[in-house]
Structure formats: C-alpha cells, structure tokens
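Given as structure tokens, the chain that follows is alone and in the form predicted on its own.
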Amino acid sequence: MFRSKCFVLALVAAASAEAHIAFVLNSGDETVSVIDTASQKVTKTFRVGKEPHHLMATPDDAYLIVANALSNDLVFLDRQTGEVKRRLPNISDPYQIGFSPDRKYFVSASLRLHRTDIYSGSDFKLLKRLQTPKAPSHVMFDQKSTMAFVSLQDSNELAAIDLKTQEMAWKIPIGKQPAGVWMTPDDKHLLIGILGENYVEVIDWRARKKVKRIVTGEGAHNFIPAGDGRHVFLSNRASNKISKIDQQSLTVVDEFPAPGGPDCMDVTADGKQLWVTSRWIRKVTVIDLATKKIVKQIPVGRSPHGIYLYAHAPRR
C-alpha cells in the first residue's frame, strides 16, 4: 500500500515538473532554447540544425518535431526533456509542416524551393511533390482531411491541394504576402494573415471566394487559438501588437501591444498567459491576458520563430 501510494505521488510530481517547459526555435542561431515556464528562465540551449522555423507535436503527443529548412531534415525531441530522439534526413526544405487531422498525410511547405511535399503520415514516405510557386509559406487543413490550404507568399495567392488525388485543386488571388492560415471551428472560413498589409482575409473555401477583410494591424502574420473554442490570436509583426478575433462574428474584439516583431505564439494551459516570440529583439515576450500587460521578456537566441508550450491551451 505504501509503495503504491509513493508510486502515485511520484507520477504526479513528475507530471507537474514536466509541464513547466517551453521550446523556442532560434532560426538565426540554429538552436533550440528550453525554458522553465515556472521560473521563466532558459535552462539549456542546444544546436538542432540550420534554420529551424516551425515545430509541432506528433499526433500522439509522443515527440516534438522541429523542421530544419536548410538542413533538409526533421528532428524529433522528447517533449518532456528536449532530448533529441531521432533525426529524419531527406525532408527537402521543410519550412512549415502539418499533419492532416486524419493523420494520413504529413505536408511540408518548401518556401525556398517553391513546392509543397506530401508525405505519408505514418512513415514519412514521399507521396507527391507539387510545384506551388511562389514561396509556399503556411499550411492548414479542413476538418475532414480532404484539402490542404497553402499560402503563396510571393505570388499573393491561396492554393488548395486535394489530398486524395494529391493535385492542385485551385488557386485564388488574395492580398500582398499572405502568411498564416487558420480554419474556423465550424470548418467554413479560412483566415489568412496578410503580412504585406494590415488585415486578415476571410475566405469561404467551398465557394472559393473572399467574403470579408478583418482590419488588424500592419504585418498581419500568424494565428494561435485562445483555447476557448471561439477566439483566435493574431500577431501583427510590423505594428507590434496582438489582435484577438472572434471566429463567429469575424471581428476584432481586443488588441494589446507585443514589441519586437511578434511572430509565433502559444497559450498556457490555464489560458492566463500568451507567450510570443519577439523576432527582432531575441526575446520571448510573456503577456498576462487578463491585464494585457507584459510580465516578462526572456532573452533567447537570434531570430526566435517557432514556440511550443508543453502545457498549452486546447488547439481550437
């Protein structure tokens, strides 16, 4: 009985300790910074590969995948410790990555090489390589895993790829330098951050038409859900602020400052803090969402880009 109780307590303590960790990709330094989110201090930094830009957990949450664009590989990290567990070579220019919701496909946007690669979601076998000029930037899927949507940053277009046929289904023109792409919870509208301007383009993807512009701020860039099933945050890189968008009314309901070129974001599991990579000042900015005030800026490496919190809010 005593041993059983001790074992349970040990598991609880371990889970608590494991939750206090954040990963930040320093694209300019080819490194990952690991941060203790309780103390808000960097505990270690290690080299991971050339130009790590984006990262995500595997669908089973077993590992964290870091995509190294110039190293042409994927690195699998232990989500609890940051230890490198596996390196998968010959993944050509993985700038932005994503698994389809049904886990059948792994899609990599190769911004530098102007193409989108479709891999098997189970073994990363290359299934199709599609020319998608110019500069495929960010990837999003519909909930039924029928389509992958890719923003084409240098041709000012949105591309839709049919995952079953693995062919380009259609392209439509949108604003200047489209970046982040997000699907609303009702699976009806795509939101695209228009980096070269000051708004989010709203697309009815089934009708293939633009339905609204949500004015946010200069350099509208990337999205992260608030975790409440209704709102999503958008980073505005040039105007140094965050917009909070209601995905039902498709309007901005709040905004607050985030200095230093805000880029990627994550929300803590309790929904109280937003962690933002400040791309131009080598810091991670921690914002209290109740007060909309900056509570901490944590020095990291050059050009911090992707960020991932082990204990994060729901991705919806």
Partner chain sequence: MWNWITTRFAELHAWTFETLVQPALYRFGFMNWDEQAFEATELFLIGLIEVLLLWAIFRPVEALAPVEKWDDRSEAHVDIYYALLSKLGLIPLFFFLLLTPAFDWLNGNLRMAGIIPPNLEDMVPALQSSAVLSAVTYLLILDFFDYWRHRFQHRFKTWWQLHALHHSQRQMTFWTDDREHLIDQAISAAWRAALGLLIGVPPVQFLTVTLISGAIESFSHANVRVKFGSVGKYILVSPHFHRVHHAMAFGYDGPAKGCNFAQVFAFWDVLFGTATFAEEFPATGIPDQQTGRDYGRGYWSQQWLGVRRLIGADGK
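Residue numbers count along the first chain shown, from 1. Quick caveat, the model's predicted, so the values are computed rather than measured.
Omitted here: the form predicted together with the partner chain. The next part is about that form.
Novice: Taking the shortest heavy atom distance, is Pro101 within 4.5 Å of the partner chain in the model of the complex?
Specialist: Outside the cut-off, so no.
Novice: Tell me, yes or no, whether Lys176 is in contact with the partner chain in the model of the complex, where a contact means a heavy atom of each within 4.5 Å.
Specialist: Contact with the partner chain, yes.
Novice: According to a 4.5 angstroms non-hydrogen atom cut-off, is Tyr95 in contact with the partner chain in the model of the complex?
Specialist: Output for Tyr95 is yes: heavy atoms within 4.5 Å of the partner chain.
Novice: Would you please decide whether Asp154 lies within 4.5 angstroms of the partner chain in the model of the complex, comparing each non-hydrogen atom pair?
Specialist: Judged by the heavy-atom cut-off of 4.5 Å, Asp154 is in contact with the partner chain in the model of the complex.
Novice: Which is the contacting stretch out of 286 to 294, 64 to 72, 269 to 277, 34 to 42, given heavy atoms within 4.5 Å of the partner chain in the model of the complex?
Specialist: Heavy atoms within 4.5 Å of the partner chain in the model of the complex occur in 64 to 72.
Novice: Note which of Arg208, Arg87, Lys212, His231 lies within 4.5 Å of the partner chain in the model of the complex, where distance is taken over heavy atoms; exactly one does.
Specialist: Comparing distances to the partner chain in the model of the complex, the residue within 4.5 Å is Arg87.
Novice: Considering the partner chain in the model of the complex, which of Asp78, Asp162, Asp204, Glu218 comes within 4.5 Å of it through any heavy atom?
Specialist: Of the candidates Asp78, Asp162, Asp204, Glu218, Glu218 is the one lying within 4.5 Å of the partner chain in the model of the complex.
Novice: Just to make sure I understand: among 101 to 118, which residues lie within 4.5 Å of the partner chain in the model of the complex, judging by heavy atoms?
Specialist: The stretch 101 to 118, when checked against the partner chain in the model of the complex, contributes Arg112, Leu113, Arg115 at the 4.5 Å heavy-atom cut-off.
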